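To begin, one chain is listed below as structure tokens, in the form predicted alone.
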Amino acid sequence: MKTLHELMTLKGRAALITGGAGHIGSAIAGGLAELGADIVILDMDQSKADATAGSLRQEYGVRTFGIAADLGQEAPLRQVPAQIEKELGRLDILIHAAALVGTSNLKGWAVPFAQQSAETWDDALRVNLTSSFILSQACADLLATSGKGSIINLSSIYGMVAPDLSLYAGTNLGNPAAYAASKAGLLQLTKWLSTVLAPKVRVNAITPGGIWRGQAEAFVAAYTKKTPLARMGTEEDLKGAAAYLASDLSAYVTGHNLVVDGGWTAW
């Protein structure tokens, strides 16, 4: 019987993380690198992707590199698996952490429903949902070959429940319909892929609650009041969830949505 240390190690495995230079993506990347995984950071900005990869290499001694790609464009994403195979020789873990969120500065996005635009809706679904489909499809063979294939999609509580818009009153925050729809779609895509790619690739989701990033005091107070654990989440709260689903700790888990929301969706 394997020890817990043996089950959780990612030594010899390689992980691709979309949005890997962002808040959540970089935290998860650090967690996987700490467990020994080689890391590929995919982000919009090459310099940020390279900087994040370089920091991981320096701190954990793992192989890393950055890829710049627009998740709204299909062709560059189709080329990613070949780049990874050339540089690292394998791919074991695919984590989709990139997303257009409620604070994104887009026209017709974080505004009242009547002002939300169909064009921005299309852009959000392309980045938040369609890109996960494309990369999962493109990487499926490489993941299956590894024998340890694991896909993890980052959803949201707003992919599970409707928003309480009173939380956003008097703030510059918003809760666009496209964000909720894309995150709900990501959960269903996770379930669909979990059966289609089985038994060689496991597919699961992580659903975070609200993450604290210096939001307005009134918003934080109102949000915290609705959360059983009486605080907002942090990026640190997601590292363990990702490590669990990426490693052999969850070898018999697929099609699962691991909710990390402090109890928000429990009542």
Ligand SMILES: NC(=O)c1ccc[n+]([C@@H]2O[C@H](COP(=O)([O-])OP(=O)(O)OC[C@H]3O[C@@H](n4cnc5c(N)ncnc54)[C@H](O)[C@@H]3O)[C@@H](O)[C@H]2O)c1
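Please read these numbers as outputs of a predicted model, since none were measured by experiment. All residue numbers are counted from 1 along the displayed sequence.
Here the subject shifts to the form predicted together with the named molecule, a form of this protein not shown in this document.
Problem - Close approach of Ser132 to the named molecule in the predicted complex, 4.5 Å, heavy atom - result: The answer is no: Ser132 has no heavy atom within 4.5 Å of the named molecule.
Exercise for the section: Give a yes/no on whether Asp70 approaches the named molecule to within 4.5 Å in the predicted complex, heavy atoms considered. Expected result: Flag for Asp70 set to yes.
Exercise for the section: Determine whether any heavy atom of His23 comes within 4.5 Å of a heavy atom of the named molecule in the predicted complex, and answer yes or no. Expected result: Yes, His23 is a contact residue.
Problem - the named molecule contact in the predicted complex: Ser156, any heavy atom under 4.5 Å - result: Answer yes; at least one heavy atom of Ser156 falls within 4.5 Å of the named molecule in the predicted complex.
Handout entry: the named molecule in the predicted complex: contacting segment from 140-148, 110-118, 93-101, 162-170, heavy atom within 4.5 Å
Key = Result of the contact check: 93-101.
Problem - the named molecule in the predicted complex: contacted by all of Gly19, Val127 and Ile211, heavy atom 4.5 Å - result: Checking in the predicted complex: Gly19, Val127 and Ile211 are all within 4.5 Å of the named molecule.
Exercise for the section: Identify which of Ala51, Leu229, Val220, Met44 has a heavy atom within 4.5 Å of the named molecule in the predicted complex; exactly one of them does. Expected result: Checking each option against the named molecule in the predicted complex, the one that comes within 4.5 Å is Met44.
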